[in-house]
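One protein chain, two forms: both are listed below as structure tokens, the first as structure 1 and the second as structure 2.
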Structure 1
Amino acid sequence: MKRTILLCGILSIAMLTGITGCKAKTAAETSSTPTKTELVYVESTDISTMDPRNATGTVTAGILANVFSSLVKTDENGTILPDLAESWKNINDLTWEFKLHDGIKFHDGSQLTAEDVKYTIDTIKDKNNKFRLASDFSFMDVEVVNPLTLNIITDGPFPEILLRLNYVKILPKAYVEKVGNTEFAAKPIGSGPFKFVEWRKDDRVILEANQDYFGKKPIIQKATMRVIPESAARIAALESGEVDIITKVETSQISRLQGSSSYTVTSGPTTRVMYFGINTLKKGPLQDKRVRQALNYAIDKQALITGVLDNFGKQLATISTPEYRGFDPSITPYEYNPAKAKELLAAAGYPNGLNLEISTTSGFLNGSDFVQAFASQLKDVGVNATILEEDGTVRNEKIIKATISDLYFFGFGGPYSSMDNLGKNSFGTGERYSTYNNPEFDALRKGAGAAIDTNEANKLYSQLQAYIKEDAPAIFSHQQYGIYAINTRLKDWKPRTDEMIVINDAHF
């Protein structure tokens, strides 16, 4: 799968985004003697859980990636790499064989075997547990061949299985069975480069280095993820020297930070697709396709990207970024055409416009300003929008129950994001982030996801993108950029296209 590098050192990205590049090294930077062994970084939102089987959200995924291991992992560009598995192969279209490294231990010293892999996947799928990720992994079964060999058998061809398995963090069967799911989530044990120490909700997560890690041992001895929702407070923490990395730097602050030799600002595209979801399950005007299409014609998305995001974003036509398998660049975004929007609204029975509510939450790049500008453009075609600021967790529950506002600003990305996964979870019938029921779309998505031949997959994914553009269950917007400010004393930390903060190569 093609992935895009997002490093400061990549000149092309720096030119694209207008960032001038990394600063020259200082004398302190060139020292080979580590003077600091604790890394502190900041996220705008907290984690949701420490149980990987129930973990949604990219901030959570980043912490889990440091504490747990999986059969395979990805690098900063999304390339699949070995992790617990030293090798794998296809036995047939439905069966994948994995061989584990020998001698891998969990943080309590117990041996990791194929039985732990089977236990992890079996319990994710178990409907009695009601884990939120159950449907993402319900199509696979595990057959233990011997303590270091296992087969994963799928209920149909699924060529993107390695990307999906990247997010199956392997749990210690004996420990979880002994303490139970609730105690495990409070005191998790993995086999990753860092051990869990403490989670103070809405404040911080603390990790310590695992000296017995089977891979490259971390140089950082302690890592703390702090939660600071306000952008200005995150920057203040960086400038005071309290923290080493901050995420989601507002674009208006980039030039000022770049003016200091103490910080580096990096930016680049992620695999997160931003859109305004439409609650098509709510009775009313939004169940009419002409109204949904009108809303897409009403918005000048490129003007929003230029004027609000300062070009730190890329306009998308539908549900795919160029990094996804099956992306079709020939499918173009809706043009900005307010006259066409008014024409469609009138044809649907709303010649004088209509009133809508838009839900938004924190955590998206320049999110508040973006939604305000979006609502202003809607007003130009007679759509009066009321903006509702909501807590992210509360809002997600509303989406699940289809009680969310008429429109909701949303982004889907993360460590196993693909067109199949986004299409399923954001627009699949009955899925966790979907307010859209359409069996035809579901069938197209499943067919594309099962296509092994690349040409066939591209053809089917093109049909999927054309279909969802036409039916318009969302107002498709842009590919989100990751923007980080980093203290220049930190070395070898790399931003990732999946936005996770992974720290086992970082040092001072």
Structure 2
Amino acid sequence: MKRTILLCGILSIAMLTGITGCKAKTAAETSSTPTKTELVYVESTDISTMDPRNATGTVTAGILANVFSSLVKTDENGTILPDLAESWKNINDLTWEFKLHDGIKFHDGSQLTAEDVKYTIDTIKDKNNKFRLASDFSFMDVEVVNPLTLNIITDGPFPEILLRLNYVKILPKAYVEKVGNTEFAAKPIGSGPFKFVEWRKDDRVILEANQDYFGKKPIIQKATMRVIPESAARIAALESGEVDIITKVETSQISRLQGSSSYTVTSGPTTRVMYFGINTLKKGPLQDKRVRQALNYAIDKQALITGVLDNFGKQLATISTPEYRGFDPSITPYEYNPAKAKELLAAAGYPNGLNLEISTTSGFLNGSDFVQAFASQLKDVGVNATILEEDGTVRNEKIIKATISDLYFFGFGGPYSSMDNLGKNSFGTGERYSTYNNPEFDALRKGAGAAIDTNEANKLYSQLQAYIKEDAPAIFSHQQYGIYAINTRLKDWKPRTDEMIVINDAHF
């Protein structure tokens, strides 16, 4: 009797594994048929709102980009493309004229006109609404010329306006006025390729294709963005076939994932500049330019990128990635030259080296290992660095108050990031996230940022990059890469430099 039971047990286990093996196969087979029209992708954090006027964060921006349209949009490399506006031109340094496509409809069927654009920008700026982005758009005014033409007037020359307008999602004035801001945020209506269906907080956002979209109609009929904070759980969801795209893949998992034919790892540069900020507001050796330069010479950045980031990163010379306007490839990063570093340190009065503290926080790609390796390279030139792991929000506060450690590993990028924006926010005098005061740098940046003419801008931005390299208010490290794992059945989806997940072109 016992033997029969044992036999039955073994048989049933064999059958179970056999059955599941078959199941996996059939799942793979059905997935290769083009009938699948539902896309599921995963982010690590939830969106913050469905009202574009109050939206902060890349994940939110991504969902909004699928539901709403803006005057212009960007492709995955950051190149500006027409969206609602079919053309635009500069009338003068302060005035930009946009002509809208005719016949664009919101998801409720109403027509989109220049009035909607004006309403959107006016209400973002309106102080009574207390929208968080108000300060980012306060410098522009909209003037309606006719239903399909509008002028945007800025309070100073602002050539990067297109990049910024890319994030102004146009709202239906009549609908918002009718239902109010709260109701609108709950049931948003846009004019993008996807319609909003449901947002279950901390769980998922569901979208469906907009059949009346004015641009290229999406092939995907239903899209779900799921929120899975835990990276191991994200990978499990991909491996089980539940989801098609996952974000923030750890490099340690890449070789394992690439071993399967069902999914692949794809990565791409982002506009996020990673650097070791230097707290120059603190009295001490770091106020000496020679010490800051020495630290730059002491680091073999390429070795860090290859060794610690598995090449998921690109070395950067200064505050610009190749995607930014005015990027000058002739300005190269500091060479790795420990002898020169020691020389400079000695010249600055530190022949026996010095002690520094480096602050880091979790969340950066292989951040902890990266900072460890960085510190060990500093040791080679006599700089003893102690590493301080801190909570992200606590650290941000310290940066704001300039009480942060001597060096801090930091990254800046995201929506409408440009050399002007990054230079201002991270290194501008008196800016909240800056630990560097230099009116000369500010003047250069302002000049470059206001140059409408491209040649002129390129010249000024070159000067800016050369200046900041020389003065070294940071140890510029690398361009961060976004790492995604995707199911191989998914076609025509590409990572974007702005880190948003946009699904218009994706299909199975």
Partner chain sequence: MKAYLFKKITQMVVVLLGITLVVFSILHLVGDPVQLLLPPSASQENVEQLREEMGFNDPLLVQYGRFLSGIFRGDFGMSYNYNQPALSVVLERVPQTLKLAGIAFLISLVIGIPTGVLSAIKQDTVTDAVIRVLSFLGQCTPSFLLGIMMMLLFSVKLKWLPTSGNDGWKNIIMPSLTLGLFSTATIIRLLRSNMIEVMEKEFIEVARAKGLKYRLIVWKHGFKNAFSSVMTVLGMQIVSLMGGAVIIETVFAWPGIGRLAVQSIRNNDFMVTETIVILMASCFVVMNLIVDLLYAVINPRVKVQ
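Predicted model only: the values in this text are computed from it and were never measured. Structure 1 provides the reference sequence; residues are numbered from 1 along it.
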Form predicted in complex with its partner chain - which displayed structure it is: 2
Hinge candidate matching the rigid-part switch between the two structures, set 427, 266, 60, 414: 266
Swing of the smaller rigid portion against the larger one between the two structures, to the nearest whole degree: 25
